[in-house]
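Presented below, as structure tokens, is a lone chain in the form predicted alone.
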């Protein structure tokens, strides 16, 4: 029990985002029930659990993507740096510049590699001239470990890249607006093992600059890339803690049953 209290104290001190009593309904479907969690700064947090357990639903709460679903209703409180992100005065578009998102399937825009990365900085007015925009594009592609592969063909369409390169382009696009949190919804599920390893390595590097939250079906991936793990089951956050602890000494029998393959 002392360990748990210690963990909670550390979490509270360095939380980037906090969620308290979060509930999500899609029409009459109660998809997420009373979730409390702290997302740490400069840390990779993995959300694991069986299909339909609420992990992607909760991820989408963190940048108000559920606002785009007509039947969705989100209650409770989610804060970033102490500010309620659901406050009516918060512009969801501006929030999504600060809380970037990378989706399951690589989805580059039907534009050039350059324009894919430049799109966000342009619409948010983050550069004053072409030279500044060039610098943002180059820096973002370097952060996504893609620069050396595409620097000589920036005018080529982003859709012409391989799957793994497309996903890294989407990561470059997400980091180009200088976000503070990066959300990734199963970013490797459409990739081959080599591309998956490259993206996992990249996630580890991005942790130095961002809070990264990753939804993954792969427990091995969660164990490899995250420092904190949250286990969701049937709309409940069952357990949350240090990744090694969750995988080797879970507190809840449901977590142990999932990790050992008895549920899921």
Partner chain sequence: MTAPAMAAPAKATSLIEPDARTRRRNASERRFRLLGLSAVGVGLLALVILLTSVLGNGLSAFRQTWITIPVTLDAAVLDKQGNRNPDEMKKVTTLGYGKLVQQALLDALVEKGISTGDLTPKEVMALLSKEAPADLRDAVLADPSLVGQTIAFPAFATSRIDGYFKGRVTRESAERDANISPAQLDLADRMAEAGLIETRFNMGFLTRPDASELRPEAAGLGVAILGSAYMMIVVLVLSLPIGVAASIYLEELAPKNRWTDLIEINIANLAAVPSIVYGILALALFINILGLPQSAPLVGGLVLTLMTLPTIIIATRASLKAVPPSIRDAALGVGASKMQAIFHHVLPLAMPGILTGTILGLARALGESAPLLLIGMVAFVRDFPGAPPQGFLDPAAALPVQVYSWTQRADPAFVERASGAIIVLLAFLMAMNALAIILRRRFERRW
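No experiment lies behind these values; they were computed from the predicted model shown. Numbering follows the first chain given and starts at 1.
Separately, the form predicted in complex with its partner chain exists; it is not shown, and the next lines address it.
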property	result
Triple contact flag 29, 46 and 74 to its partner chain in the predicted bound form, non-hydrogen atom at 4.5 angstroms	no
Stretch in contact in the predicted bound form with its partner chain, which is absent here, among 47 to 55, 212 to 220, 198 to 206, 65 to 73 (heavy atoms within 4.5 Å)	65 to 73
Listed residue (161, 97, 150, 190) with a non-hydrogen atom within 4.5 angstroms of its partner chain in the predicted bound form	97
4.5 Å heavy atom contact, residue 60 and its partner chain in the predicted bound form	yes
is_contact(residue 142, its partner chain) in the predicted bound form, heavy atom dist at most 4.5 Å	no
Its partner chain contact at residue 129 in the predicted bound form, heavy atom, 4.5 Å	no
Interface membership of residue 177, its partner chain in the predicted bound form, 4.5 Å heavy atom rule	yes
Partner contacts in the predicted bound form for 93 to 112 (non-hydrogen atom within 4.5 angstroms of its partner chain)	93, 96, 97, 99, 100, 101, 103, 107, 108, 109, 110, 111, 112
